[in-house]
Every structure is written in structure tokens, then in C-alpha cells.
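So this first bit is one chain, no partners, the form predicted on its own, shown in C-alpha cells.
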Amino acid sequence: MFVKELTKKYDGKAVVDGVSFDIPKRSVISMIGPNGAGKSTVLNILSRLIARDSGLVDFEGQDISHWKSKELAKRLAILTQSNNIQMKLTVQELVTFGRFPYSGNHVTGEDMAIVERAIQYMELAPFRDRFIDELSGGQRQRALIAMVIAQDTEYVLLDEPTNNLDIYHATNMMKIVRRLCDDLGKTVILVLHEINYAAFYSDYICAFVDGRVARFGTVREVMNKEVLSKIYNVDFEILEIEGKPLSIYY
């Protein structure tokens, strides 16, 4: 999967301006950058939630706009920032929605076996019959990830999955992201504001400024004080913890 010269404008202003980069398979790729830098817009273009004005999103050898929705949903899943579920659903019912691209409303025994594996993988068995609106924020996020696992796509797109989570639940969420890649072989693309989570749990980082890619590379290539200081316009120092470059800023 790669993108080339992506552009998106609102009211004549480019919020995504000539963005190009490749997405390595079976990796965790984090998009970082200041507010309004274009990260979420690019993620939504990758998933076809919003239309690009120009440029190319190549998905498995053809423009993503040429994919039929049902077939694309078998290969790519996205969780946006706003997942306000209005229906009264249990955890198991929510996770079962992940099988919709395959079986529609006629869920098979094979589908339910996949749903069960996703529930067990996310350690949600004790909550399977609990309604979503009765869960804590961390439990709800895990249920949504279980739905994505049940959807069984190679690509998983997550828009700020740690948003509104405390440190404990945010850290667990990032461990889950890492497991999706390492255990299940998925390519995970996510938007993050916390750059140290990006540094510790990612393989690659794509840094945005003013709708453009300021730097794309490995964690070490992006997580240095010169690059980060230019991106965020604050002073940085870089520490090494468990062999990972982590930042402090002031």
C-alpha cells in the first residue's frame, strides 16, 4: 500500500498537501504531528471515509477507489475517534458486527468461532453479555478492537486509540496494537499525539506539519531532537530506555 501526491482542500485551503509515502506490511506505523497537521485526514482518505481531491492511494495494486466496499472491508478496517454506539448492544453482539462483510446478517458457525477467538484474545469473556454502555472506557476500547480482529483484515487503521484513556489503559491499548502486528501479522496505521507511545511501540513514524510529510522513517530516524524540535517548535532531549529513544520536551 502506498500514497502519492495526496491533496485535500477545505474552503480552498489545503489541509493535505502533496503527501506521499509507502506503508510497509506487517508493521506498526504511527502518524504524529501538531494539531491540524493533516494526520486524521490522511487516515480517513486511506480508508475511503473521505474523498481526496487528487493523488493516488494504491491498495494491493489498484486505486483504492476501484475496490468494491464489501471486498475492501475484508482487507481494511478502521476505528475513528468517534465511536458513539447508539444501539443497545452486548459485547458479543458488537464483536459479531466484524463478520458482516463476510456473512451479512446470516452469521455462520465459522463466524461465531472467529468471534469467540476475538473475545478470548481481548480477554473479554467475563463481559460478553454486558452492554457496551455499561463498560469502562478501557473495556469499550478493547471490545471495539475485538470487533476489528473479528473482521480479520490485514490492514487496521486507528485514529487516536489512546484518546481519553488514562495511562494504564492507554499503555495496554498500545500493547494490544503491538500484538496485532506481532501475533496476528497485521499492518497497523494509527494517529497518535503521544510521541513516546509512537516511539516505543512503532516500527515507523510518519511526522506531519502543515498538511505535509515532514519526515517518514524508522523510529530512530524520526525520534531525534533536531527533527522533533522542527516539527513541534519546542526543545527536546532524547533518552534511551530499553533500547528505545524516548523524548522529554520543555
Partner chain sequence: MASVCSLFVGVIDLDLPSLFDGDMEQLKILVVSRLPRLLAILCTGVGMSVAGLIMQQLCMNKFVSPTTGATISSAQFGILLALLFMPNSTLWGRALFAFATATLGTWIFVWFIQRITFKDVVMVPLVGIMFGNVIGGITNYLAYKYEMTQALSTWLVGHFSLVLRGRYELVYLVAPLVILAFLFANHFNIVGMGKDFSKNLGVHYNLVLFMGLTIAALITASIVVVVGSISYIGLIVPNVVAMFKGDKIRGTLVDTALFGALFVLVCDMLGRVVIAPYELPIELIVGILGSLLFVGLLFYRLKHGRRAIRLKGPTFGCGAGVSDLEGGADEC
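Residue numbers count along the first chain shown, from 1. Here the structure is a predicted model, which is why all the values come from computation and not from measurement.
Another form, the form predicted in complex with its partner chain, is not on view; read the next lines as being about it.
A heavy atom within 4.5 Å of its partner chain in the predicted bound form is found for exactly one of 124, 112, 144, 170: 144. Only one of the listed residues (176, 77, 149, 91) places a non-hydrogen atom within 4.5 angstroms of its partner chain in the predicted bound form, and that residue is 77. In the predicted bound form, its partner chain lies farther than 4.5 Å from every heavy atom of residue 128. Not displayed here, its partner chain is kept clear of residue 35 by more than 4.5 Å at the level of heavy atoms in the predicted bound form. At a distance threshold of 4.5 angstroms between non-hydrogen atoms, residue 70 is in contact with its partner chain in the predicted bound form.
Contact check for residue 133: a non-hydrogen atom falls within 4.5 Å of its partner chain in the predicted bound form.
Shown alone, this chain has one stretch from 198 to 206, 185 to 193, 211 to 219, 41 to 49 that lies within 4.5 Å of its partner chain in the predicted bound form by heavy atoms: 41 to 49. Scanning 1 to 16 for heavy atoms within 4.5 Å of its partner chain in the predicted bound form gives no residues at all.
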